[in-house]
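What follows is a single chain, given as structure tokens, in the form predicted on its own.
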């Protein structure tokens, strides 16, 4: 850490890796569901890099395909390849909501592409996002409700603030924020914005708010209102895609978006993303007069494409996701036993592949209800788990991510560590 501080702000390569000068983790190597840090300490990892790892770190099936691709064809050429088509067809096979797609390098890039496409298709400028959602680190999406400093005892709405400094105030001029599962706010949005609203962007299962989820009736009403108003529904499946089901959250809901973003699990940790949807919408992308400009030097590079091809082949042809769900349910049941024995009110949100853990009696269905959970106890509990070799995000807004390799862990040991961590957290 001392060396890193000489070369990088906060000593890290991106803000969210900084846990303080004493607690920031430096990893030496990772394999399966295990991390080993620079001091040689081993962790069972439920953080999984914020969700990209769906099979396990250093999966030989995926890494082998990447190595073979590099050996035979290199890493990139700046031209199209047959592999682009192969992977596009794999995604379409799993996701019937996609007719055509484009690739990208990150979830942020994918979201930027969908919003630009929606604006071009509709000829409108305004967008709406849902409170608690996260859609990448670009200025227009870096506005949020200040839940941390909000007084839940009042009826006053939280302030809308930027994620940090350097974000111009005018970048929120075309953005509305509404509450998840709030029917009144939804109706008011479409009544007020009408023909100025290009799209609404949301995570159907919110990956940065403890996997709180859209009610099916609310999501269906949103789908209907978009159709009636000529606005586009964009579902951000950067975290849920190829994780909560082979076809993502849309398979679980049976409700399809006009445009969808994917990243993370589709490459098992390799940097890759995509966005796609209806042909009529996606066909505005291109270099024809008035078309949407989309590109990037590393878009659909051969490393990313070969990793995605291998990962999606495994998810399609094996029971990997069934294993993920089974292990996730085992972890959920284990946690429930420990919390019940300790007398802790608790509930779980989201699918077992990205398990939200909340110390409260009822499942939160809005971000504001997360604020009213006992997240301070959760933070103490999480830090104790990390001390005992169980890695997770100390903030309860981040789910427990499960990968196929977690089937190898000793559940008895895990239950013992969870019990010890909770006992110690309660004694402080």
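Residue numbers count along the first chain shown, from 1. All values derive from a computational prediction rather than experimental measurement.
The discussion below concerns the form predicted in complex with a small molecule, not included here.
- Contact annotation: residue 107 falls within 4.5 Å of the small molecule in the model of the complex, judged by heavy atom distances.
- Interface membership of residue 190, defined by any non-hydrogen atom within 4.5 Å of the small molecule in the model of the complex, is ruled out.
- For the chain shown alone, residue 353 is not a contact residue for the small molecule in the model of the complex, no non-hydrogen atom being within 4.5 angstroms.
- Within this chain, residue 197 is remote from the site of the small molecule in the model of the complex, having no heavy atom within 4.5 Å.
- Checking 259, 111, 244, 180 for any heavy atom within 4.5 Å of the small molecule in the model of the complex turns up a single hit: 111.
- Of the candidate stretches 344-352, 99-107, 224-232, 150-158, only 99-107 contains residues with a heavy atom within 4.5 Å of the small molecule in the model of the complex.
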